[in-house]
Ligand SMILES: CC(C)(COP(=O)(O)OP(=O)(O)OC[C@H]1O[C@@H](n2cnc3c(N)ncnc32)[C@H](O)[C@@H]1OP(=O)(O)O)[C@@H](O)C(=O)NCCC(=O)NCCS
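Next up is one chain by itself, shown in structure tokens, the form predicted on its own.
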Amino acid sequence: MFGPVADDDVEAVVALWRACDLTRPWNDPYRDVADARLGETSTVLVGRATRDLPEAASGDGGAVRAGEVVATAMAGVDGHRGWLYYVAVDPRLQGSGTGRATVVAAEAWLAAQGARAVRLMVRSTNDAVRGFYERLGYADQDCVVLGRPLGAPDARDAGR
């Protein structure tokens, strides 16, 4: 079950992003959540466990409780393309189909917003995640992502 992030979810969302090694010192994850929530063409979708899972069923790290935040995807539309960021699945549930369900939910949200294509960025060193997206039909778009900060003091390292 996926829905928009709520105020009470923010701490769990940031903790999940950190557990999945998605945060970087130059990007404040709390600001990223707040900014996505402000936009009419962006959101943070949150997936919750639909039932309790004992430790044995959830892998290492303990039990999963019904209602617990276990997946996220930040999604936004730039007027033509949809973009995905912060796609995260609780490490206890990785390999269970939760990642696929998260991407499907985010793609559906983007399509409902009018996006005609979807893009995402994966660090070039992250072979496991690249393989995950390739299995979902994503392919290298033969382009190079360029960027630069826009000069605000808090953006000096943005875009790395």
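When you see a residue number, it is the position in the sequence shown, counting from 1. Because the structure is a prediction, the values reported are computed rather than measured.
There is another form of the same protein, the form predicted together with this ligand; it is not shown, and what comes next is about it.
Novice: Pick from Gly61, Pro54, Gly95, Gly114: which has a non-hydrogen atom within 4.5 Å of this ligand in the predicted complex?
Specialist: Looking at Gly61, Pro54, Gly95, Gly114 one by one, just Gly95 meets the 4.5 Å heavy-atom criterion.
Novice: Which residue, Arg48, Arg119, Arg37, Arg100, has a heavy atom that falls within 4.5 Å of this ligand in the predicted complex?
Specialist: None of the others qualify; the residue that does is Arg100.
Novice: Find out whether any non-hydrogen atom of Arg65 is located within 4.5 angstroms of this ligand in the predicted complex, and reply yes or no.
Specialist: No, Arg65 sits far enough from this ligand in the predicted complex that none of its heavy atoms falls within 4.5 Å.
Novice: Can Asn126 be called a contact residue for this ligand in the predicted complex at 4.5 Å between heavy atoms?
Specialist: It does: once this ligand is placed as it appears in the predicted complex, Asn126 has a heavy atom within 4.5 Å of it.
Novice: Is there any non-hydrogen atom of Trp26 lying within 4.5 Å of this ligand in the predicted complex?
Specialist: Although this ligand is absent here, Trp26 would stay clear of it in the predicted complex, with no heavy atoms inside 4.5 Å.
Novice: In the predicted complex, is there a heavy atom of this ligand that lies within 4.5 Å of any heavy atom of Ala139, even though the partner is absent here?
Specialist: Because no heavy atom of Ala139 falls inside 4.5 Å of this ligand in the predicted complex, the answer is no.
Novice: Within 4.5 angstroms, counting heavy atoms, which one of the listed stretches 104 to 112, 40 to 48, 126 to 134, 26 to 34 is next to this ligand in the predicted complex?
Specialist: The contacting stretch here is 126 to 134.
Novice: From first to last in sequence, which residues of 1 to 21 have any non-hydrogen atom within 4.5 angstroms of this ligand in the predicted complex?
Specialist: Contacting residue: only Cys20.
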